[in-house]
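There is one chain below, alone, in structure tokens, taken in the form predicted alone.
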């Protein structure tokens, strides 16, 4: 008898899931055992690698997956807590009479690759009844491994490279539609589930009390499909005119929680939404009329994502600031814990930066231009701190955290990558209405919401409140330096100094 273990790791969905589809449709499989593993100890609502909002979102995703598997396929998701190898070894003890195929998704992330290598060495290679099968393109459109290992492959450095690659492989953009199954996927032949016992088994009801309350973004495939329909499939004009650089970084007016972009990134990063399904939804809309094109279109944003996955799978030390072909080795300043803590907690004295960081700390999400602003501020702009420090904080807190993308974006925004903007293009952390950060400045609702100390400040002074006359500070009920911090650096002096330091580091590299 053949058992297929479907290990859900980064594709927490039923629709367009190659791993699940293979298990349910393969004629050689008799039983299907779906599993998910919480492989870190949960304490005070978080784990070592996941902050409270990211962990809560992940929990929601797993809970929704459990319900969908049961409702649509009559399969029970077995949820475990503990070391992955130990969990699988405990399962093996009960499946000795069976031939077992462990199904997993291809990943470029070092942590998951090391886990897979350990399992291959300690479990698969020592038990003739066990085999492993890896599936590419669960989280991407491209088969990353195949492309990286193909003759003539060169790491892409621009959107032109990605457009050329996609057109060579798939043809004209407007005609590309990828084969997927829909959210109501049901296999041609139902497969029998299998139950196992283990000391590592845990119920979601045991985990729930350890977590924070649900946030604005609720995890799960059902939420993903609802948001896709609300923000994309029912908004044809929005999709056709989509221009990400021109979206408002301070969210929808009147709702400081709702993004002016699709807000789908958390669902894509956790695999609650298939990236192919998003591509197809845009293609169907764009075939009928004129529309924006890469890099500013939604398709363009997907291409950027594919680009960073290719780089993460082909560039040695992708997540390092040395020994990385995509990173100029800039001589950053020594780690300043006080500066980093002020930035992390939203207490820099620069209201836009603080509002963005407080939004991250409260929701686990931030608009991409907000990420531009705070990452530039931390690195080459004002604080001259190594980009890896900010990367680590984002990795832990973002509900759309993705190893390949997080590193790619920080490399880009720190100005150290071949695909970066020029290092001397530094965002002003005190923007006006003409800023490329696209901040709503007339009413400044976003600042007033996330930095309530400044809620009564006139818009004229709200982005640089330390410049407000004392009388205005008193009437607003907020004294700068007492109720809200003074700027932790002089933004103009630090900018000038950092530009000189960056230029000097580049000269030393020649």
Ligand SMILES: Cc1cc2nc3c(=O)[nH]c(=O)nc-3n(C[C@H](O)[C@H](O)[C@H](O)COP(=O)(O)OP(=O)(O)OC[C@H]3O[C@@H](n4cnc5c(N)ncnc54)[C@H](O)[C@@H]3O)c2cc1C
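Computed from a prediction, not measured in an experiment: that's the story for all the values here. Positions refer to the first chain, counted from 1.
The form predicted together with the ligand exists for this protein as well; it is not shown, and the discussion that follows is about that form.
Candidate site formed by 92, 197 and 200: none of these residues places a non-hydrogen atom within 4.5 angstroms of the ligand in the predicted bound form. Of the stretches 166 to 174, 120 to 128, 424 to 432, 297 to 305, only 297 to 305 has residues with a heavy atom within 4.5 Å of the ligand in the predicted bound form. Scanning 244, 276, 328, 191 against the ligand in the predicted bound form with a 4.5 Å heavy atom cut-off leaves one residue, 244. The single contact residue among 256, 263, 82, 346, judged by any heavy atom lying within 4.5 Å of the ligand in the predicted bound form, is 263. Under a 4.5 angstroms non-hydrogen atom cutoff, the ligand in the predicted bound form lacks residue 208 among its neighbouring residues.
For the chain shown alone, residue 359 is not a contact residue for the ligand in the predicted bound form, no non-hydrogen atom being within 4.5 angstroms.
Although the partner is absent here, residue 402 is a contact residue: one of its heavy atoms lies within 4.5 angstroms of the ligand in the predicted bound form. When contacts are judged by a 4.5 Å heavy atom cut-off, residue 239 does not count as touching the ligand in the predicted bound form. Residues of 96 to 115 are not found to place any heavy atom within 4.5 Å of the ligand in the predicted bound form.
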